[in-house]
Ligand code: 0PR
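The chain below stands alone and is given as structure tokens, in the form predicted on its own.
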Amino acid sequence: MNRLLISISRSPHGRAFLMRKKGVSREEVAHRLDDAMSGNVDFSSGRIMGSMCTSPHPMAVEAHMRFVESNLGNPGLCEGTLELEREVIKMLGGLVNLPDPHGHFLSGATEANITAMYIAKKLTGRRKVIFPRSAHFSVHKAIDLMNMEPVKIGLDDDYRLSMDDLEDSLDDDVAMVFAVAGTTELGTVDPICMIGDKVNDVPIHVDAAFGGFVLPFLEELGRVDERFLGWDFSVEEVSTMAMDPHKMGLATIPSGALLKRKGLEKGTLAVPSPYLTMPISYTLSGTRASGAVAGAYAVMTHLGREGYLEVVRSVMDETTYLMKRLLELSMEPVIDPVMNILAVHHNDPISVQERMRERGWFISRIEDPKALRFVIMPHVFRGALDDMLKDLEEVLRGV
């Protein structure tokens, strides 16, 4: 990879400057950027089959760039973006049965999960967080940052949060039950309705970073097992939820949101910000990108429900096709796919993953149980699947 040479010069105070003393032309910078891009894998190649992100919709990219200079952290200077944020939060609330939604557009579900845990700690004054071992690793970051006590519990035979373990773990010091709607490894959904029946006054936070843009449309298509119904704000004990429009929402990266019930919208994270255009700041991040808000608004408004129904229908059809082909290779699924995530048993997934990467394919793996993992996002097309399967069959012979 070619690089622009950087000369080191020193100031009179001894500071070493790694930035060039004199700038270079736009053409030279553009060449370096092109060079850097050549080292990235493009989603449009169809070769990325282990990522929960995808190519953003062109409408999202266009809208993002129009709002790229605005800082929603200083909302009085970008009231237009603030209105777009309110509209996006309303649309997201409509997807997850929250009729009077409150919340904020954030950098992603990690920030949303951290914020939700902060809210639970402040509201309850308790320290314990119960979460299944299938929860995203951001739960560990949040617990550490909040100086809370982790209570990791097991899974049932369907790889969902174990209700038996939950009941054994509930006590008077539990601040939150952290549940998942669309787990990272398998895409399954915790029994959130059943959790709600057991928690009494303990708030439930739902990490629907992935499932939030899949489950509503699967339900409309009639392609959800009844065991996975009742996962959103229709369960009254659910107080907060994380969603990521930059995954199946086809928005630009990074795009996340935290949704909250009425009554949680102010106060818990509020700090004075007298030098800004509004006197109180309500989010963890001081600076918030307007471009991501505009991008999410644009793609959600442009596609509408019918557009997302077709996106979800398409990825589920491709997931079903892939499962059929993998069964022909004697590869058994860990579970029947709940959404567009498919894992198949293999006793040495690391070797398979490495050999597939050598051939230019980016698939994933899980460790418990040992399995290969495929995420069939909108950029994964049938021809890419067929080409990948040819290479996979050859790799499997040599493992």
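All values reported here derive from a predicted model rather than from experimental measurement. All residue numbers refer to positions in the sequence shown, first residue = 1.
Beyond what is shown, the protein has a form predicted together with the named molecule; the following relates to that form.
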{"property": "Close approach of residue 138 to the named molecule in the predicted complex, 4.5 Å, heavy atom", "result": "yes"}
{"property": "Interface membership of residue 177, the named molecule in the predicted complex, 4.5 Å heavy atom rule", "result": "no"}
{"property": "Partner contact for residue 351 in the predicted complex: the named molecule, 4.5 angstroms, heavy atom", "result": "no"}
{"property": "The named molecule contact at residue 363 in the predicted complex, heavy atom, 4.5 Å", "result": "no"}
{"property": "Stretch in contact, per heavy atom within 4.5 angstroms of the named molecule in the predicted complex, of 216 to 224, 304 to 312, 145 to 153, 106 to 114", "result": "106 to 114"}
{"property": "Contacting member of 283, 319, 184, 162, with respect to the named molecule in the predicted complex [4.5 Å, heavy atom]", "result": "184"}
{"property": "Residues of stretch 186 to 214 in contact with the named molecule in the predicted complex (4.5 Å, non-hydrogen atom)", "result": "207, 209"}
